[in-house]
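What follows is a single chain, given as structure tokens, in the form predicted alone.
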Amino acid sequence: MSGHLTIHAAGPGSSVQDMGRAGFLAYGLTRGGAADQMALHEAAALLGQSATLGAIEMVGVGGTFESDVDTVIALTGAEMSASIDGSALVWHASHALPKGAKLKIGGALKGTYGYLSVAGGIEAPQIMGARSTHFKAGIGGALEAGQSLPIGVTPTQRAGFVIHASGRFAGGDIRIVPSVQTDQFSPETLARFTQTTFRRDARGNRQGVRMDADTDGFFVDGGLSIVSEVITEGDIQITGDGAPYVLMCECQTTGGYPRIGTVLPCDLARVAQAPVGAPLRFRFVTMDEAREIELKARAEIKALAGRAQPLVRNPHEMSDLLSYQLIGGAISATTDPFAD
């Protein structure tokens, strides 16, 4: 531990998250972890550290934070307004956070889930191999004002880097593969499903996101008589009113609603980050295409570290300009340097 990050204010639903807990489905526990894992990978690329370290996930609005040591932070995921002691910060970038300075993060400008990562990571207690909060399982809880979170030790302090984030914050096309009950839907219903532009419903959280549309429901004969069986993150359940629900990182592990398809893992962040009302369209791909898409997505994650670039700030917008060493020396314009 190198210090502490104190929370003076936190938005509703803010929590410590990492990559979650794999291997507990048989015990009724889904992975959990960050709703947008790509954001943790981008933060790791900015800070030069592992993506498995703990970070703070903020839902729609941030909070106010203070460190008791000089440290470096990275801001990724849904873009939010942010400042340190009144100086505005660039999102998707790493910044020095001096001891005692106030970091204020406001509301989301694009997307839903923003992330505050710290050099060395947030060292919340490990439970079942992870530090992440799992609200549905009762592991951990929402962050509150007055809490002080330990910061891990790190040999690197990479401030002043920026990274181009993938455009996943305004909805868009979602690639899916057939699921167990896809064949039970009529060809007409499947065609209408893929031709419909849905809107991200306000009824959405880390367990699932409901899709709204100006069309009839997507029903299947005998759909409500399916015996409950294993389901997984990314499955699209069709509930009793015919509305699709995309299951997210804290979903249940069994269910009896018919599934019309399953979202590719690399597109789940786009579903999670879609703000309320954002358009979403679903498109079937074959399993071979899905494998190629996933392999490409994983290769892009591995390449992120090389895409972090130095952050060039505009001196006219730097209220802390005079805190930097701007002159390394001075010479006389009249003195002969070769004179004895």
Partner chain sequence: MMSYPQIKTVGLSGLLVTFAEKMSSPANRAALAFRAAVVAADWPEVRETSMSLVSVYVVADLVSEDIPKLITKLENLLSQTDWYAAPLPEGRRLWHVPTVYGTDLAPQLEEAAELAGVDPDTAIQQLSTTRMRVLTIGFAPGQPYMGELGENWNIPRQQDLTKSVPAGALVAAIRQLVVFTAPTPTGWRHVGQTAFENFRQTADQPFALTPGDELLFPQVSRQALMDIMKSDTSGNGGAERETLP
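Note that the structure is predicted; figures quoted are calculated from it, not measured. Positions refer to the first chain, counted from 1.
FYI, the form predicted in complex with its partner chain isn't displayed, but the following is about it.
**Student:** Do Gly138 and its partner chain share at least one heavy atom pair within 4.5 Å in the predicted complex?
**Tutor:** Answer yes; at least one heavy atom of Gly138 falls within 4.5 Å of its partner chain in the predicted complex.
**Student:** Does its partner chain get within 4.5 angstroms of any non-hydrogen atom of Asp68 in the predicted complex?
**Tutor:** Contact with its partner chain, no.
**Student:** Does at least one non-hydrogen atom of Glu300 fall within 4.5 angstroms of its partner chain in the predicted complex?
**Tutor:** Glu300: no, not in contact with its partner chain in the predicted complex.
**Student:** Quick one: does Thr262 come within 4.5 Å of its partner chain in the predicted complex, counting heavy atoms only?
**Tutor:** Taking the distances in the predicted complex, the answer for Thr262 is yes, it comes within 4.5 Å of its partner chain.
**Student:** Give a yes or no on whether every one of Ala26, Val230 and Leu295 sits within 4.5 angstroms of its partner chain in the predicted complex by heavy atom.
**Tutor:** Answer is yes for this spot.
**Student:** Quick check on this chain: which one of Thr189, Thr197, Thr253, Thr239 has a heavy atom within 4.5 Å of its partner chain in the predicted complex?
**Tutor:** Checked against the cut-off, the match is Thr253.
**Student:** Considering Glu144, Asp183, Asp214, Asp173, which brings a non-hydrogen atom within 4.5 Å of its partner chain in the predicted complex?
**Tutor:** It is Asp183.
**Student:** Choose one stretch from 125-133, 82-90, 158-166, 108-116: the one whose residues place a heavy atom within 4.5 angstroms of its partner chain in the predicted complex.
**Tutor:** So the stretch in question is 125-133.
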